[in-house]
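Take a look at this single chain in structure tokens; it is the form predicted on its own.
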Amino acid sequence: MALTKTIIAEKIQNELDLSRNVAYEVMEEFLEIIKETISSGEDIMISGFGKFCVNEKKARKGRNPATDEEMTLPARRVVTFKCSGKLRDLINSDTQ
């Protein structure tokens, strides 16, 4: 099961003893800060968690697999995530 915004807000509510509305607002504001930062092209580094990087992809040739028609795919920005060593160790400690 995926971790949803509702579940995150409930965890914030329980851990910080906040009202449901305040917990949801805190979570929404945090996500809004992340979205604004990424959309401006800046990277986000959260110590002990990881780094969200905005990478530029150049325009490239591609083809439509249904029609086999060649086309040019436009340049775009993509977001990648690289987890920190601490997070990687935590994830891998459960599998060994």
Partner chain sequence: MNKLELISTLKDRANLTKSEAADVVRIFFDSLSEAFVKGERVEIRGLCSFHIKEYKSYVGRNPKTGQKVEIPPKRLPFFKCGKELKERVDY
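Residue numbers count along the first chain shown, from 1. Each form is matched to the other, and the largest set of C-alpha atoms that superpose within 1.5 Å is called the rigid core. Because the structure is predicted, anything quoted here is derived from the model rather than measured.
From this point on, the text means the form predicted together with its partner chain, which you will not see here.
* Is there a heavy atom of V79 no more than 4.5 Å from a heavy atom of its partner chain in the predicted bound form? -> Judged by the heavy-atom cut-off of 4.5 Å, V79 is in contact with its partner chain in the predicted bound form.
* Asked: So in the predicted bound form, does E70 come within 4.5 Å of its partner chain, heavy atom to heavy atom?
  -> No.
* With heavy atoms only and a cut-off of 4.5 Å, decide whether K35 touches its partner chain in the predicted bound form. => Yes, K35 sits close enough to its partner chain in the predicted bound form that at least one of its heavy atoms falls within 4.5 Å.
* Residue contact check: R88 to its partner chain in the predicted bound form, 4.5 Å heavy atom -> R88 belongs to the contact set for its partner chain.
* Can you name the residues of 1 to 30 that have a non-hydrogen atom within 4.5 angstroms of its partner chain in the predicted bound form? -> Result: M1, A2, L3, T4, K5, I8, K11, I12, E15, L16, V26, E29, F30.
* To do: Answer yes if the Cα of T80 shifts by 2 angstroms or more between the shown form and the other one on a rigid-core superposition, and no otherwise.
  => No, because once the rigid core is superposed, the C-alpha of T80 moves less than 2 Å between the shown form and the other one.
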